[in-house]
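Okay, so here's just one chain, in structure tokens, the form predicted alone.
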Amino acid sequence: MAAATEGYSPTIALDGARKQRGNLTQARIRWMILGVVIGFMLVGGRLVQLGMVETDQTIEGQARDVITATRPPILDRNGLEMAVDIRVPSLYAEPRRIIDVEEAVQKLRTVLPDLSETWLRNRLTGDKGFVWVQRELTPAIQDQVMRLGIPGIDFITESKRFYPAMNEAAHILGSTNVDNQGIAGIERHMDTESVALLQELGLARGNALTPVELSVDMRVQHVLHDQLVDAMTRYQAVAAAGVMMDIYTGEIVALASVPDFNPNEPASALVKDTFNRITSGIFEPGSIFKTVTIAGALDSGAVRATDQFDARYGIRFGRYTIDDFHGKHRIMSLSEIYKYSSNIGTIRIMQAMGKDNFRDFLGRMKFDQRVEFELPEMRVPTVPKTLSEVGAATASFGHGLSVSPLHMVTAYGALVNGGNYIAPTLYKRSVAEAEPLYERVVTPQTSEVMRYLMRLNALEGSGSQMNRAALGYRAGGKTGTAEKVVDGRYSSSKVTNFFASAFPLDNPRYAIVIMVDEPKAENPQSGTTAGWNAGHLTGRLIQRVAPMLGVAPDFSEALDRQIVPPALR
């Protein structure tokens, strides 16, 4: 009040302006804080929103972990690699990031000229975030594409299956598709077991998986495949196949069928006639089935190894007479019936057993069901549920029913290993692991006689061609020549030949079945029956693989004398 008295502006006016500026500043601060809070709220809200969005982890409908997953290596019984994964680049595009589609198409086709221009243009057009362009390329092509500098084009590293032995074990291994999933063979079986689950869980991505060990011996597999390919030329055959099994463990040591395919090129498996004849082919086995008939009759007690049978005349069924191919037409011993492959004698033996008992024995040997085995490529045999008189007669010598070579090798294994049926397997299995799985199908005494008959046939019968090629390895077996059905009738000019065998018969370990489809005579001095082709091939095979398997040659005749059962000495 004193300043106002002396002519100064009133103090109250100065206080009002300061107060106004203070109020304005406070208001600005409040608005600024509000703005910051709203900004934080917006950012936070967006972050929460983004956190709730599920990111698409698939690539064209497939889970990324599955596509980029690895598979376990597959090894043979000696640790040799049969299938491995290799890392390969695959080309993909993000169409929404491609600036000039036409330029991208023209540039890519300078490196990948096989790509259709129209297909590629359609592929790169649109707003998709991922499309495959071409998978499983080489690093060199990857470098060339990267040098093009096309926006929206990149690579992802995938696993690709590689089979070092190419065709040699094709029907065992099968193959995988472009997503590295098993589609055939043991690869497909592995997926049904555990591999697919590991891939689905993501555990098969970037992790080394425990190798899978098979029972196959790639040394033996190579020799078998080589002999089958040779047979195609040597006998001008349309196909050939073979399988070898350890008779005590059921382990498949080798299995091949030609024509075959290259598992590195899965599409080659679609070529006609490349199917696996050992498991997915069923055939009339011909006379190799006589071994089964005689074993069943001996085991039933209806006949003895010392019995004789009337084979002087053919056996009539209505208007038809069943006779022998090279008939002796006399009284024959059981051993002679086997050695000379007499149809008449085999029918007499089956009739002594009885057709119903014979049919029951076929069931006991599992000829009327699918073989328990890992490969998915399998056909069910065709064996009548009941046998008529004539049906039982023809079945006794391997006609009127169809089974796979895998059925036959499993049966032969049981008939020479002491009488125990053991299901075959492609996985390693010790004798101790196999024994609890044994099913007794014939007695040890019957098995002993069958080993003698098979060896006798090698020394004096239709197996002599085989025996000459495998001297010293005490092999024995039975030939079978089955006429093929052409236009609804049996053809004498088109046959499927078999040789079923085991070695060494003084201490048996391996059973083998070889088939040669529609063989021709190798030369003017040879024939077309099974001993000349399937039998001789078996001998060549044994001669090469026996040393690999630890079977030493021994030319002592004393070993053959030991094989003869006491009752026949």
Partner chain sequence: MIRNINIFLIFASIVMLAGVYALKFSIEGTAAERTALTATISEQEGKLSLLKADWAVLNQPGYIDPIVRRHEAELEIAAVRQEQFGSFAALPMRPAKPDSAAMDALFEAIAMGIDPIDAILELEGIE
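What you see is a predicted model, and the numbers here were worked out from it, not measured in a lab. Positions refer to the first chain, counted from 1.
In what follows, reference is made to the form predicted together with the partner chain, a form of this protein that is not presented.
Engineer: Indicate whether the partner chain has at least one heavy atom within 4.5 Å of a heavy atom of residue 178 in the predicted bound form.
Structural biologist: Taking the distances in the predicted bound form, the answer for residue 178 is no, it never comes within 4.5 Å of the partner chain.
Engineer: With the cut-off set at 4.5 Å between non-hydrogen atoms, does residue 252 touch the partner chain in the predicted bound form?
Structural biologist: Answer no; every heavy atom of residue 252 is more than 4.5 Å from the partner chain in the predicted bound form.
Engineer: Answer for residue 375 alone: is it within 4.5 Å of the partner chain in the predicted bound form, judged on heavy atom distances?
Structural biologist: Residue 375: no contact with the partner chain in the predicted bound form.
Engineer: How about residue 362: is it within 4.5 Å of the partner chain in the predicted bound form, going by heavy atoms?
Structural biologist: No, residue 362 sits far enough from the partner chain in the predicted bound form that none of its heavy atoms falls within 4.5 Å.
Engineer: Exactly one residue in 470, 450, 243, 297 has a non-hydrogen atom within 4.5 Å of the partner chain in the predicted bound form; which is it?
Structural biologist: If I apply the 4.5 Å criterion carefully, the residue I get is 470.
Engineer: Identify, from the list 440, 87, 97, 329, the residue with a heavy atom within 4.5 Å of the partner chain in the predicted bound form.
Structural biologist: In short, 87.
Engineer: Counting only non-hydrogen atoms, which stretch in 496-504, 515-523, 538-546, 29-37 is within 4.5 Å of the partner chain in the predicted bound form?
Structural biologist: Flagged stretch: 538-546.
Engineer: For 553-569: residues with a non-hydrogen atom within 4.5 angstroms of the partner chain in the predicted bound form?
Structural biologist: The stretch touches the partner through 553, 555.
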